[in-house]
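Heads up, the chain below is alone and in the form predicted on its own; it's given as structure tokens.
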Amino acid sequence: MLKVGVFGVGHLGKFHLNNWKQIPTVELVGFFDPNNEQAAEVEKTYGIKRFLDEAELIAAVDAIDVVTPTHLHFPVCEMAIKMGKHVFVEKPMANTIEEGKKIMNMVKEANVKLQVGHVERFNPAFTALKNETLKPLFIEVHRLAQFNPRGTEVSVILDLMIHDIDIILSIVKSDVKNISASGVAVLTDTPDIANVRIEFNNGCVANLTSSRISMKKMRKIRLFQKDAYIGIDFLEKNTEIIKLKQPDESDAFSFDIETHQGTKTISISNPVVEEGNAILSELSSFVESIEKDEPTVVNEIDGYLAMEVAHQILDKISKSASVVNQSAE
């Protein structure tokens, strides 16, 4: 049995507790949370031991799950890695680029497993494309959420857009060439809505819009590549592929269009999206990586690269805001 300890049992932490309890090879040893009211509720509801000392909990387990506010990710991860424990940490991996670099180096040195909670990698709408060849030339992303005071200690970039940054980096196997970004702080002290354009060295361009002050929810990515369009709806969990029909395809709906190159047949298909719980899938994947001594699906390098792009975006937004302020003066 893999012994696991959870740090942080707030809103998301409780989801994690529920899912850890569903993994048969895991023993949930206990949790750490400084909030007495929250801790008492979890002890009563889940029957799990509360630890009052962080090091004591880490010493009692094989792996920890870090679901604390972002600014506390690094100190907890650092303590666990130095004690030779495996780490699952929610996104973003750390609060600053410097912390992210230190975590990468420590993981390598300690030879432990680390997985970052970029949960959309395990969304059934995305995993339904595992057998498709994805080589997008243009990507359009919309991630809109209704305002929720929880999680606003970080910007919309680190709160919401980082999900899509990670997905895009996992698809586009190329270095970032240029980033343009604008964002506005509306209800908090950090950007609540942002629009970003990322250009890659291979020619791919990604346009991302994220907002946490929308009237409706939306989590969609549209991929445009040679001879194909692929739409992924992470919220509704469905996927659509529109492409030039191949001679061996027979199960897709198709129709003909006339082009200056002659008649072409377009096929429309909806890959089977399995029922699935993305949080359970990512935690199970982390456990499997430890048990089989295999790389984690979203490792510390993935977590760092997503952070790096997110912080470049924040830097661009900050600089553009200062230019606007200077002009106003």
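Don't overthink the numbering: it's just position in the shown sequence, from 1. Values in this document were obtained by computation on a predicted structure and should not be read as measured data.
Although not depicted, the form predicted in complex with nicotinamide-adenine-dinucleotide is the subject of the following passage.
Only one of 223-231, 72-80, 201-209, 169-177 lies within 4.5 Å of nicotinamide-adenine-dinucleotide in the predicted complex by heavy atoms, and it is 72-80.
Interface residue remark: H11 is counted as part of the site for nicotinamide-adenine-dinucleotide in the predicted complex, having a heavy atom within 4.5 Å. nicotinamide-adenine-dinucleotide is not shown here, but in the predicted complex it comes within 4.5 Å of a heavy atom of F32. Interface membership of P191, defined by any non-hydrogen atom within 4.5 Å of nicotinamide-adenine-dinucleotide in the predicted complex, is ruled out. Taking the partner from the other structure, nicotinamide-adenine-dinucleotide in the predicted complex has no heavy atom within 4.5 Å of any heavy atom of T296. The candidate site formed by E54, V119 and H163 is fully in contact with nicotinamide-adenine-dinucleotide in the predicted complex, as each residue has a non-hydrogen atom within 4.5 angstroms of it. Q38 is the sole member of S269, Q38, N277, T265 with a non-hydrogen atom lying within 4.5 angstroms of nicotinamide-adenine-dinucleotide in the predicted complex. The listed set K216, R150, K130, K108 contains one residue whose heavy atoms approach nicotinamide-adenine-dinucleotide in the predicted complex to within 4.5 Å, identified as R150. Residues are counted as partner-facing when one of their heavy atoms sits within 4.5 Å of nicotinamide-adenine-dinucleotide in the predicted complex; in 80-97 these are E90, K91, P92, in sequence order.
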